[in-house]
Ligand SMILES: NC(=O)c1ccc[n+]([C@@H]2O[C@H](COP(=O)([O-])OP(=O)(O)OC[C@H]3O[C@@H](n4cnc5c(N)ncnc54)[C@H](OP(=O)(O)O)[C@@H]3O)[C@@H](O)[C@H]2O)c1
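Have a look below at one chain only, the form predicted alone, in structure tokens format.
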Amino acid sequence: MPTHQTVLLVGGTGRTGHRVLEQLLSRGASVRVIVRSPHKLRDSAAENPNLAVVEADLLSLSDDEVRCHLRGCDAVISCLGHVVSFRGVFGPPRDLVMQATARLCRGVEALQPPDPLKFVLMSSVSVNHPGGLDTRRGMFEKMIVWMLRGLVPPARDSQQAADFLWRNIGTANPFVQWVAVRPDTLLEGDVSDYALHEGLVSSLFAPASTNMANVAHFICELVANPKTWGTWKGKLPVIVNATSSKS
């Protein structure tokens, strides 16, 4: 990273989140991670002196505690998601991502940092661009996505979080700047060439693919590289493997 940065990470024990954590630490960033189960952290990360672990449920923290953990940070990354199980999908909190996004952004606004803090949300291609820029998706696919949001709480949760950033935080907020990263079907694998697009590049019936390591790499680039941030701030980039993009 060009300058030493402090990053607050939530969702750092998840499939993509732990990759983000490891890549941040490998770049020399100081990371504060809020986790309910510290034992789920990889040993290579847990033993790193640049990692500070906060054992807590983010949604159970008081507003003062949230602001305390945000204070002094240059960026916030949310890789939170719902556990893939019946309880994780249909049990509370059904709006985990939305609540976390709102609490973190409102916490930053309350601190009123002198320079805007970067907020990166890991989202999904199931999320429509709130600005209506995803013209690729036809009426039939839109109907299916609409039904999924009604039947599957995580799908609705992710859309509401993106809507909150677009409509409530906006692109002219003096304290928070944001990017919502939308990968397609997530795969294992190392960092490889990947492509970034402002809108959707595949359909529900012929999805593209994205290595989780590539998502982590792009998220770290957003935090570390001012040029990358300047290109994508206030947007919902779609990230796919380069090979998938060409197919």
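Each residue number is its position in the shown sequence, starting from 1. Keep in mind the model is a prediction, meaning the values are calculated, not measured.
The same protein also exists as the form predicted together with the named molecule; that form is not shown, yet it is the one meant from here on.
Not one of A180, H197 and G234 comes within 4.5 Å of the named molecule in the predicted bound form, counting any heavy atom. In the predicted bound form, the named molecule lies within 4.5 Å of some heavy atom of L96. Interface residue remark: D57 is counted as part of the site for the named molecule in the predicted bound form, having a heavy atom within 4.5 Å. With a 4.5 Å cutoff on heavy atoms, T101 does not count as touching the named molecule in the predicted bound form; it lies far away. Remark: G107 does not count among the residues lining the named molecule in the predicted bound form, judged by a heavy atom distance of 4.5 Å or less.
Residues within 4.5 angstroms of the named molecule in the predicted bound form, judged by any non-hydrogen atom, belong to 183-191 and to none of the other stretches in 65-73, 45-53, 183-191, 22-30.
In the predicted bound form, the residues of 112-126 lying within 4.5 Å of the named molecule by at least one heavy atom are, in order, M122, S123, S124.
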